[in-house]
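Only one chain is included here, represented as structure tokens and corresponding to the form predicted alone.
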Amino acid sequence: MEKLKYERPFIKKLNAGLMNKFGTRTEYTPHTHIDGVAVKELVAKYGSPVFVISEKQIRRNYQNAVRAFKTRYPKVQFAWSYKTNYINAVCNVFHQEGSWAEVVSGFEYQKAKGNGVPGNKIIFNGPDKTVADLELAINDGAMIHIDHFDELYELQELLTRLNKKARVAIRVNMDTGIYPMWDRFGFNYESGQAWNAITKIMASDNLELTGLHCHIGTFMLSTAAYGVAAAKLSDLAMNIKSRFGKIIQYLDLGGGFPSANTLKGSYLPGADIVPSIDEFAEVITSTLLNYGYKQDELPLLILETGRALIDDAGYLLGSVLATKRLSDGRRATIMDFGVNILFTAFWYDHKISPAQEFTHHTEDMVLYGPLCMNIDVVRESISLPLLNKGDQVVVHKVGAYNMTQWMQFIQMRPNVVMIDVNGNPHLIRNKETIDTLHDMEVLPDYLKKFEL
């Protein structure tokens, strides 16, 4: 019989929580497989930590979102938000499902083109479009969403020099009752700035105003705010038709739909408070259908949904490095992944599950990463079964932003694996090595020699 590891006893106040008809609350179940593939096998083959993406879940999420909107509105088009997760394999799953590309930089634009997305199916957002970026987008016939007056004037000058025309939209910011208001990007609706931009575009011989765009916030928990946004964009569209006789081809409501993650400080878990995609669809489509458009003049509804379509398709698998007691008696568990690759740990209280069987003894603990930084806290307080060195855990709902905002800091970025719809794992991004760093560095000759 294996000798149990000794751990000194300590006294701690216990809060058992409220009883219910099922007894005391327990939610700890081992998460041993992802889409039929054993967690232990994935770690053994691809290392720890490792990100895992479920292709089946991505397609399920996308098809559900399309159903929610297309059953309520006749003209709908989704555009995958590249900044949410721009690994090519992930992007191409969305493109296979029929999604266009939405990008916010020249770098993302190049990725979308490299994935085979035609220019006229790329929506180019963002405040930082270089002259070279704009020229490429013009030549490709991309949808250029103008963010500020400096960009508008630069675009007009470029088109005059090239003797070409471009189809454009403007980004509109507005008061939707959600504060703080997102007014950093685009032209303001209430102040008349958006209408001023519209009149300048309509007076230009080189610009064709084809759409109106807004992105009112992120992780939005209010469906009503989207109704306000749809109404204000529709108001602009109607005024454009009345004043200039121009019919706006599309309204782009952006993204911002939340996933089922639990925000830090939230009283209830995300799954209990996050509206469904159907609730957002009902508000947006009802507003548009009831606004007064003629049936043959209904604008195409574009949605740039990111987080809500990918978050729950992503997992992070990691291993326990060590356990210890802090000076105040709390249990601390140190993992082999930290906030360098799990950036969303700053935003969410991620659900974390053991990947193996365990005893039903649980304890509140702090979950730390391996970085030599005091801010490297994966969970400040989480009740988990007692974990031992070498045990694995599964972090849930990490598909959005972690693989675009991760850092190469102290540790190299790990492998990323996708499990296809048939349950076969595929490596879709190689882990970094020391050569990854060396290949980008240039060492001057005079620094190559030294004596210690």
Ligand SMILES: Cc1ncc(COP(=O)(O)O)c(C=O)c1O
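Being a predicted model, the structure only gives us computed values, none of them experimental. One rule holds for the numbers: they count along the sequence shown, beginning at 1.
What comes next is about the form predicted together with the named molecule, which does not appear here.
Listed range touching the named molecule, judged in the model of the complex by heavy atoms within 4.5 Å, from 213 to 221, 318 to 326, 332 to 340, 358 to 366: Looking at the partner contacts, the answer comes out as 213 to 221.
Any non-hydrogen atom of residue 46 within 4.5 angstroms of the named molecule in the model of the complex: No, residue 46 is distant from the partner.
Residue contact check: residue 304 to the named molecule in the model of the complex, 4.5 Å heavy atom: Yes, contact at 4.5 Å.
In the model of the complex, residue 94 touching the named molecule (heavy atom, 4.5 Å): Flag for residue 94 set to no.
4.5 Å heavy atom contact, residue 83 to the named molecule in the model of the complex: Because a heavy atom of residue 83 falls inside 4.5 Å of the named molecule in the model of the complex, the answer is yes.
Check all three, 125, 171 and 401, heavy atom within 4.5 Å of the named molecule in the model of the complex: Yes, the whole candidate spot contacts the named molecule.
The single option of 255, 270, 227, 354 touching the named molecule in the model of the complex, heavy atom within 4.5 Å: Contact residue from the list: 255.
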